[in-house]
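Presented as structure tokens, the chain that follows is alone, the form predicted on its own.
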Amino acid sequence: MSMNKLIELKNVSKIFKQGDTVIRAVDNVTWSIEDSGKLIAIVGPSGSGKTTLLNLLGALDIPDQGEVIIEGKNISHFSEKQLSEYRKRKIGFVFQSYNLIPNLTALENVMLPMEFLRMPREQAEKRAEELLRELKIEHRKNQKPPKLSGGEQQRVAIARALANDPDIVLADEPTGNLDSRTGREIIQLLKNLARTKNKTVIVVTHDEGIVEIVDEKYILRDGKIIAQA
């Protein structure tokens, strides 16, 4: 019996139009990831299609051509309701600019995704505290984001991404606003999470300094995956 691949893209394209110009942000990509528990980097210059590819995996965008298949399910054909459930339950997002709610505490930010799943408040608070403890940021749980350093905010953002125990964590330039030392700490943290929690963590970056830490590296150029490094 054949096993489903964890992530599979078949001839996937995403096309944008700017006036008369057609931009193939993702251009006929066929690519797969077999196993969980890995930190995977997609690297390439700015404008190579990295964020678009991540958005397709996270169902923030739907392909114009081809199929995005996650754990054997073709999410390209999902209804809006199914896509919303997929994003809430299967995917954790980490962004370059953290995207924390500034008037909520660190703890409340981590609890937010669990509220969308209508988890009882007491249970959500307990889980949020556990995640902040694992990420060594629990001592800052009552601080709001403006009072936190960039590295602290990114730790809170990673805790939030893990709140609903997703299978896949997608990180878009997660070290982009951090100094190189803090950036390496965050990437090492993501690698440890992939291993210990058996998550698939996919990072898009143009930061060559962090890619030596990852388990697998793919190069994206002009919307095409041209190599595995």
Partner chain sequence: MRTVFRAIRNIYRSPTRTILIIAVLGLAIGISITMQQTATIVSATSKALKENIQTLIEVRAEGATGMGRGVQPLAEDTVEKIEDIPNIIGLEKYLYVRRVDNTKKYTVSVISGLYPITSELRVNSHGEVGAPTIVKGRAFREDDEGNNAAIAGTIFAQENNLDVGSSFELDGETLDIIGIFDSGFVFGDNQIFIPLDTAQKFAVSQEYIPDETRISQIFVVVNSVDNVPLVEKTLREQLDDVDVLSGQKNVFLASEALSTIQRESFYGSYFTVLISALIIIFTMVLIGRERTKEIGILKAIGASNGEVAKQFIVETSAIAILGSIFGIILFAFFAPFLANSLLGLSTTSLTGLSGGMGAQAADDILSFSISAKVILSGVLLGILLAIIGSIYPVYRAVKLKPAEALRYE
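All of these numbers come straight from a predicted model, not from anything done at the bench. Positions refer to the first chain, counted from 1.
What follows is about the form predicted together with its partner chain, which we do not show.
Practice prompt. Quick one: find which of 67 to 75, 130 to 138, 147 to 155, 80 to 88 has residues within 4.5 Å of its partner chain in the model of the complex by heavy atom distance.
Written response: Looking at the partner contacts, the answer comes out as 80 to 88.
Item to complete: Would you check, heavy atoms only and a 4.5 Å threshold, whether N55 touches its partner chain in the model of the complex?
Response: Heavy-atom contact with its partner chain at 4.5 Å: present for N55.
Worksheet item: Is the gap between D27 and its partner chain in the model of the complex 4.5 Å or less for some heavy atom pair?
Response: Flag for D27 set to no.
Worksheet item: Should D61 be counted as a contact of its partner chain in the model of the complex, where contact means heavy atoms within 4.5 Å?
Response: Yes, D61 is a contact residue.
Discussion item. Is R160 near its partner chain? Define near as a heavy atom within 4.5 Å, in the model of the complex.
Written reply: Yes, contact at 4.5 Å.
Practice prompt. At a 4.5 angstroms cut-off on non-hydrogen atoms, which residues of 82 to 108 are near its partner chain in the model of the complex? List them in order.
Written response: Counting only heavy atoms within 4.5 Å of its partner chain in the model of the complex, the contacting residues of 82 to 108 are S84, R87, K88, F93, F95, S97, N99, I101, P102, N103, L104, T105, E108.
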